[in-house]
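In the form predicted on its own, a lone chain appears below as structure tokens.
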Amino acid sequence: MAVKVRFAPSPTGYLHIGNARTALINWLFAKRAGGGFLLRLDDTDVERSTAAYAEGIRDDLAWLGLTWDDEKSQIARLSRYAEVGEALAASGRLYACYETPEELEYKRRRQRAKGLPPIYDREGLSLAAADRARLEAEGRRPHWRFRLEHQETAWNDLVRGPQSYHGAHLSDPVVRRADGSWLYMLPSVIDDADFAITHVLRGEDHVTNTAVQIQMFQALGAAVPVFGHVPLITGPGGEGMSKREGAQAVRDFRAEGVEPAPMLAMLASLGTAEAPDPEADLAALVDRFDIHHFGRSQPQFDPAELTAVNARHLHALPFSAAKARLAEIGLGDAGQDFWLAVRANLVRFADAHIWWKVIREPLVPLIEDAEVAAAAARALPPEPWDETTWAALADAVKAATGKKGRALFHPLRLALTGRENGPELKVLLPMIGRERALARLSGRTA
């Protein structure tokens, strides 16, 4: 059986962290098995779905490297859903209901008051033809429910293990509203059946839905996919990470300078015992992926940890991978020596600008100790300079002033770079050059 999975976001907002993790898990699972990955846009919510959000989702997936083999849109399949709905109604698995939202809420309140679960009482099933005609004459239009069989529905979940729900303990779900629009449940099953989806990997908030949808697959006479439900991630304070809860979008992290590889490393490790590997590419993540590595506890996504992983990724990034990007941000003249000197001090790639300015642009020096600065200015040797120049200069200043340790090195760093810390001065100093170094040690902007 060829493995085929799908990622099914709703284009009612930009891709958020929780959804990106679901996409990655599906993608890695498919690639590990040599299977296919379908992007399905659940865009039947015409009021909230937009082309801009759909394009934003595609853009974020492409940025992460999560390419898809095919794309489908639910809004283009409404006639297919209607066709299946009519067949299910004819077989008695869909039935019309006429209660208003207020009437349904009243029923739920009464059941809760009696200590009963708020399960629909199936009043719609008992309506005679005359009752339906009367209600429609009053201007009511039906919503449609799927009739669950009151039997055990069980499956072996790839993450949670054996699962089962009894149909009598669940409400018959509404699948179509009175205005004719479709809810999530049935169209998703129709799509999965029509597109031969073999595995459905999603968040654990869909576990109960799975019991319902398995019955829908069976009612359609379709093969039931293998299901796996991973725990939902939370924020550092335990808050939810869904779109509705205001989770940060992938595009926000992109704008903040997060690289794709650290993002993928973080998302791939969440919920497993593995630490994020900032140097792993997608091929490496595929090789080590195992759906059984996900535990049952809810993992936390900490943006501060992502920032740290992003920095570690940059610290190991070779010049061959940085060269073109340096040119893209206007640092085409920066060579390998520059990159190897500064990369260990970067949190975001754009931070390279900071050190380029220190080396190449006018800088107001900070003279913390005039004696040390003056001694260094007098001791500057003639060029050419290399990595041995800094040690010789420091030794000369130490001999002239008697100062050592922080009292020696801190004033020199402030005067030469205007910053408290940064790359090693033995590699920065030759790039700064004698003319700028002399001016800065003398207290002049250079």
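Residue numbers here begin at 1 and follow the sequence given. Computed from a predicted structure; not experimentally measured.
The same protein also exists as the form predicted in complex with a small molecule; that form is not shown, yet it is the one meant from here on.
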Heavy atom contact within 4.5 Å of the small molecule in the model of the complex, the stretch among 183-191, 215-223, 153-161, 123-131: 183-191
Touches the small molecule in the model of the complex: Arg6 (any heavy atom, 4.5 Å): yes
Proximity of His206 to the small molecule in the model of the complex, heavy atoms at 4.5 Å: yes
Contact flag, His313 vs the small molecule in the model of the complex, heavy atom cut 4.5 Å: no
Interface membership of Arg176, the small molecule in the model of the complex, 4.5 Å heavy atom rule: no
Arg343, Arg77, Arg145, Arg202 - the one with a heavy atom within 4.5 Å of the small molecule in the model of the complex: Arg202
